[in-house]
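This document starts with one chain, in the form predicted on its own, laid out as structure tokens.
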Amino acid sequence: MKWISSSRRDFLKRGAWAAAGLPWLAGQAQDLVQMPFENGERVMAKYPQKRPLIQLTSRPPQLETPFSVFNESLLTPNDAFFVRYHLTNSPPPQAKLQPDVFRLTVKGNVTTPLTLSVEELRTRFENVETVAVLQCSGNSRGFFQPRIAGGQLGHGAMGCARWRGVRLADVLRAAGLEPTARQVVFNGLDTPFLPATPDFVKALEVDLALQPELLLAFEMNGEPLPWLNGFPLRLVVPGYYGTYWLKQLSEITVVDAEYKGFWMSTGYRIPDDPCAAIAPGTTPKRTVPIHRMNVRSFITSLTDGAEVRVGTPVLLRGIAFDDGQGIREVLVSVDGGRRWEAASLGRSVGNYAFREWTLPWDPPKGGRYTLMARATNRLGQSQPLEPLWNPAGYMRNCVEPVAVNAV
């Protein structure tokens, strides 16, 4: 990612983003950056409760974390955490989210429908914590070749946080599931601008919804959820892509049939194939809803084009994660994949979290080096050396090379 000095910056700072009609979400433009792919010029914008982030769109807000943040700590700071909304009227106005107004309803195929404030959730049910990675399904879409329609994201549509809330299972059991219950449907307070636009509603199988790691979260890294990350309540589904992590969660409906809404039956679907991939430019024969995350790793301590000194030891560092099986090893290559060496894994803060890895390296001579990291989890699942393709640009998890120069 490169910083840009451009006359366009002055234009942006004069309020182009305010044209969206939401002055409280206009985002104050700071600088321009160049993402490492075609048409990758972006504005750095400052939003409420956020440091300057990479802005993809302003209405709805889509903000990407600068990749350098992931070298700072395993937990992604709240003010640097990425933002992804789908509907124009997002996030909901703060007036709808105040404690005396906001309520979560639980209804449908239950014996005891519930209406709960966040405080009632907090005091009525056991409070629990989990550290988990939240990753957008389209993270890294900008690198796909051939190019794919949709948000052209770099690697920053992900983050790792300590989430605190109550178990979804405890709330569902308090409501009492009917024997016919099949799926649990989730809706938030964000709304479309046009009536014809499908509301953003997602569904999970009952068996998954009753797993103890799923939370109704009201805190993130020890603080109330930021407004742009779901305040006052969001669904946390560790190990699954972010499409299921609904923000401003206000309605849970238990149903006795498969939910057929747009964002389950048409949107967020992948090829029904073990690798969720097909030949570029082709159409899958069958699709299924996107589900668990696959294995990923990144080098965070060096970026493309960085310079290192011959004879000066360098500590290579990065992160790895998967869907909760746990990272078994990370192999690192400094010669473009010809030879690999096992990195040291840092302390685990949870199977769903980022796992740090490190490897000392002393460049033996000057020249260009291609660094690569490849993670494997406890099931033996790993990363492909070459990118896999699908028509929505989801689930990229190939090895991501970093080229550096030794001088």
Partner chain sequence: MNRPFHPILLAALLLGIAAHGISGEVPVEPLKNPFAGDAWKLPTNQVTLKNAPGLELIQANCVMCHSLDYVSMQPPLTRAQWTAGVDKMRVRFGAPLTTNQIPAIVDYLEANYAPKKP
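Residue numbers count along the first chain shown, from 1. Owing to the predicted nature of the structure, the values given are computational and were not obtained by experimental measurement.
Missing here is the form predicted in complex with the partner chain; even so, the following discussion is about that form.
S.K.: Please pick out the stretch from 95-103, 182-190, 253-261, 201-209 that is in contact with the partner chain in the predicted complex, where contact means heavy atoms within 4.5 Å.
M.R.: So the stretch in question is 95-103.
S.K.: Could you check which residue among T88, Q325, N294, S333 gets a heavy atom within 4.5 Å of the partner chain in the predicted complex?
M.R.: Flagged contact: T88.
S.K.: Looking at P289, G176, P284, G150, which has any heavy atom no more than 4.5 Å from the partner chain in the predicted complex?
M.R.: Checked against the cut-off, the match is G150.
S.K.: Is there a heavy atom of M35 lying 4.5 Å or less from a heavy atom of the partner chain in the predicted complex?
M.R.: No, no contact at 4.5 Å.
S.K.: Going by a heavy atom distance of 4.5 Å, is L56 a contact of the partner chain in the predicted complex?
M.R.: Judged by the heavy-atom cut-off of 4.5 Å, L56 is in contact with the partner chain in the predicted complex.
S.K.: Please tell me whether any heavy atom belonging to A279 falls inside 4.5 Å of a heavy atom of the partner chain, as the geometry stands in the predicted complex.
M.R.: Outside the cut-off, so no.
S.K.: Using a 4.5 angstroms cut-off on non-hydrogen atoms, would L371 count as touching the partner chain in the predicted complex?
M.R.: Looking in the predicted complex, residue contacts with the partner chain do not include L371, since no heavy atom lies within 4.5 Å.
S.K.: Using a 4.5 Å cut-off on any heavy atom, which residues of 278-304 would contact the partner chain in the predicted complex?
M.R.: Counting only heavy atoms within 4.5 Å of the partner chain in the predicted complex, the contacting residues of 278-304 are S301, L302.
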